[in-house]
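Below sits a lone chain in structure tokens, taken as the form predicted on its own.
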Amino acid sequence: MKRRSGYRIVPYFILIIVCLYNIVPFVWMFSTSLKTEKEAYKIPPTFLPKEPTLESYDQIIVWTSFPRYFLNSTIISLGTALLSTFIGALAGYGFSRFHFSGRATLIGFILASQMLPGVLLVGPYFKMLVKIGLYNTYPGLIFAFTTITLPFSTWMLKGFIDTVPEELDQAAKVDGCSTLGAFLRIILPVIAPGMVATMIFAFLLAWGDLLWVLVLTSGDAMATVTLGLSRLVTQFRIIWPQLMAGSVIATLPPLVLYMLLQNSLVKGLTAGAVKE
């Protein structure tokens, strides 16, 4: 009995360590955002602020262009998530329902494109966007991020569509639906949980990117949250309370998105794990 109790305690102990490993940095970030600049540089550091203040939030919102950065990130990330998910669903439907020569090779090529590091592609994208006049624009950034997330979206949504019986498509066509109509009216509602999971992946990738935004934009007009926060780290000084306050604000959209869509996300991630 003692051995069994010991074996039961070990998993809980590991889970506690993992939770602390993930939660403590966020607690430290929020705590630092409530400190004064003098206390933030104090040695030894204090874990909790002695005199909590919202001064850093006021400074980063009022004195900087952070609200503009936040708006840019929201537009770009939402645009990327919606466009990538919809196109990925169309491509996944085509790969799932239509059989043509070279289909397996093309699917493998699309998946293999995910292995290319983004740093190798950002240069060609820069030249291409400059030539077509989309450099430093919302469409240019949305299209760039969509090409990064589209292979994963296509592959993931194809797996969900494969689980949908083809009899549903045939029944819709018997009732007068076209192929596109069957896709829009029948397939999309059925794979909605998978689309939510794919959408969150695309949103988070676009929201947290720094390299592509740094190369494909110029000035403050199109800067995003990540780029704005990076500018608070200068050669001679780091304004820690403002940096942490901006980081706390930057975590809110992904957090709210997850809280609103968590049920669909769990269904999407676990779909197909259990067969009835």
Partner chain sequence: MNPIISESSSFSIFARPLSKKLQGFLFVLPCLLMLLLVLGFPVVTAIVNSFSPIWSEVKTFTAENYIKLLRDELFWNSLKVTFIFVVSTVFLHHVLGMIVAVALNAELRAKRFFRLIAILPWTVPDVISGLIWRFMYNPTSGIINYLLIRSGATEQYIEWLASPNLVLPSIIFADVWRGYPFVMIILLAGLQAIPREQYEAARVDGASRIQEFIHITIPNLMRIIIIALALDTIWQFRRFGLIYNMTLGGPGHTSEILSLYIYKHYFKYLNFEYASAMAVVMAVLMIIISLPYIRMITRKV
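Quick caveat: nothing in here was measured; it's all calculated off a predicted structure. Residue numbers count along the first chain shown, from 1.
Just so it is clear, the following notes concern the form predicted together with its partner chain, a form of the same protein that is not shown.
For the chain shown alone, residue 57 is not a contact residue for its partner chain in the model of the complex, no non-hydrogen atom being within 4.5 angstroms. In the model of the complex, residue 61 stays away from its partner chain, with no heavy atom inside 4.5 Å. Not displayed here, its partner chain is kept clear of residue 164 by more than 4.5 Å at the level of heavy atoms in the model of the complex. In the model of the complex, its partner chain lies within 4.5 Å of some heavy atom of residue 208. Contacts with its partner chain in the model of the complex, taken as any heavy atom within 4.5 Å, map within 109-133 to 109, 110, 111, 112, 113, 114, 115, 116, 117, 118, 119, 120, 121, 122, 123, 124, 125, 127, 128.
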